[in-house]
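Presented below, as C-alpha cells, is a lone chain in the form predicted alone.
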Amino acid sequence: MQIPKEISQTTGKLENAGFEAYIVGGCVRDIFMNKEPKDWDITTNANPDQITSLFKHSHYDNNFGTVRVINDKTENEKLKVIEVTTYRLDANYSDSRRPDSVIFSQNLEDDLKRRDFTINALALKVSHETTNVLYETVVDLFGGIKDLNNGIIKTVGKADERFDEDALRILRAIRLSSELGFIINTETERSIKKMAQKIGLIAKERIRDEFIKIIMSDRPMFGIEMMNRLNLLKYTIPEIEEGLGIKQNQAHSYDVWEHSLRAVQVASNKKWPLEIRLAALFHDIGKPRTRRWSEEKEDWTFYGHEVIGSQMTEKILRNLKFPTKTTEKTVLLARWHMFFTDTDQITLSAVRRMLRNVGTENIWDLMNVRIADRVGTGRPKEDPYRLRKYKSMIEEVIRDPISVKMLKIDGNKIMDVSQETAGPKIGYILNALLEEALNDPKKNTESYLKKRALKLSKLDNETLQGLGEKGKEKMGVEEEREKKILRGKYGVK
C-alpha cells in the first residue's frame, strides 16, 4: 500500500533524528480496507518539545502530546496539517469525557492499549527505501487485523473500562458499525447497553458530530435501529422512539418508526445531503402526538403533524447544537413535506404559494424529501405520474418566463416614479413593459423599466391597453409553448 510522500517525509525526519515513528489509528484501518484515509496520524516516542524542534512550521497548544505539523507545500488539503502525537498513557477519566492527565511514554504498546477499538489500534512503520513508499512493519497487539477481516467492532481490553474512560466511544462504536457494515461483538455490545446512560455526560456537540456521521453513512437505518436496541436513543433523541408501534393509515405499510427509518435510508441510498436525510428522518416525528381515530374514515388521522413535527425537529436540532442554517432548512423541509396533492385539481397559483413558502432554492430538496417519504411507505415506484406532473408545474412557475412577476419592477414602484394612483392604468403599464421584456430580455432592469414606466404613464389608457394586449397575446403563445416543452420533458399532459 502506497503511503503519501508527505507522511513518509515526516516519519523519516523523526527516525533520522533517532526516534521511533509510526502511522496509527483510523488511517491504518482505512489502508487495510483499501480506502483512502480521511486524515493521517503519526505517533512517536519523541516528546512535544523534541517534535517542534524538528519541524520549523509546527504548533503545540494542548496538554495531550499532539503537535500539528504544517505542510504548506503540498496541494493535498488532507496533508496540509499532520498530527504527530507522543506515545502516552492516560490517567483517570473522572468525567468520562477526557483524561485528567496524560503521561508520556517511550513504549508504543502503552499508546496502543489506551485506544478505543482493536481495528483502530494498529500501527504501521513506513519504509523509506523504495521509490514507492510502502509500509514495512505492522504492529497488531490486539488482533485488529483479524477483526477487520471478520468485520467486528471490539474494544481494546475490557469494554467497561474503555467506555468509562470516554463515553463517546459508545456512539463511535455505532457509527463505525454503520459506516463499515461491521457487527459489534457480544461483550462490547453488552457493555454499551449497560453504560448507555453515560452518554448524558458528553457535550452535545460531540454527540451531534457522531450522529451526523451515522446519518451520513451508507446504513443510517441500521445505525438508528442499533441505537434503539442498545438504549441509546433515550439519552440522545428520545422523540424518535415515540414512533415505535404507532400504526398509520392504510396508505402506509409500516408504523411511524419503521417508515421514518426507511425514508432516511432512501435518502442515504440516493447520496442526498444532510438536511434532506434529517428531514426524511424527522418529517413524521409529530405523528404519535397528533394521531386520532376517525370513526368517519374508520382509519387513523394525523392532522397537523407536520406543524408539531417541525417544532419538535427544531427543538431536537437546537438541543444537539446543529448550525442555525442546517436547523432552519431541515425544519422548513419537515414543515412543508405535506405539500403534495392531486395534480388534477392543484393550480399553478398553489404551486407558486408553495414556492413562496419554501423558496426556489429549497423546492427540489423538498421534492426529494417527498420521494424518500413515498418510497419509505413501501411503494417501490419513486417517480409516479403525479410527482412528475408536479415537477413540470414547478418548472413552469419557477422559470415564469411569461409573467409580470419576472419584471424587475412592480406596481408600487411604477406609482412612485409616475405619481399615478392605484388603478387599471398600472396594470396596463406592467403589461406593456412585459411585452418589451419578452422582445428583449436585456431591458428587464430596474433602471430601464423605471424610465420606460414614466414615459408610458404619459399615454392614455386606450393606447396603453393596446400595448398591453399585444403583451398578453404574446404571453399566451409563449406560455403554451413552454408548457408543451416542460410537460413533454416529464411525460405528462
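Please read all numbers here as calculations on a predicted model, not as lab measurements. Residue positions are given as counts along the sequence shown, with the first one as 1.
Absent from the display: the form predicted in complex with adenosine-5'-triphosphate. The rest refers to it.
adenosine-5'-triphosphate in the model of the complex: contacting segment from 51 to 59, 422 to 430, 444 to 452, 25 to 33, heavy atom within 4.5 Å:
Among the listed stretches, the partner-contacting one is 25 to 33.
Which pick from 262, 175, 335, 374 sits with a heavy atom within 4.5 Å of adenosine-5'-triphosphate in the model of the complex?
Here the answer is residue option 175.
The unique member of 252, 213, 270, 234 whose heavy atoms fall within 4.5 Å of adenosine-5'-triphosphate in the model of the complex:
When adenosine-5'-triphosphate is considered in the model of the complex, the option within 4.5 Å is 213.
So in the model of the complex, does any heavy atom of residue 458 sit within 4.5 Å of adenosine-5'-triphosphate?
Residue 458 lies outside the contact set for adenosine-5'-triphosphate.
Partner contact for residue 275 in the model of the complex: adenosine-5'-triphosphate, 4.5 angstroms, heavy atom:
So residue 275 does not count as contacting adenosine-5'-triphosphate.
Please run the contact check for residue 283 against adenosine-5'-triphosphate in the model of the complex: heavy atoms, 4.5 angstroms, yes or no?
Output for residue 283 is no: heavy atoms all beyond 4.5 Å of adenosine-5'-triphosphate.
Contact flag, residue 115 vs adenosine-5'-triphosphate in the model of the complex, heavy atom cut 4.5 Å:
Although adenosine-5'-triphosphate is absent here, residue 115 would touch it in the model of the complex, with heavy atoms inside 4.5 Å.
Let me know which residues along 28 to 59 have a heavy atom within 4.5 Å of adenosine-5'-triphosphate in the model of the complex, or say none if there are none.
Contacting residues: 29, 30, 38, 39, 41.
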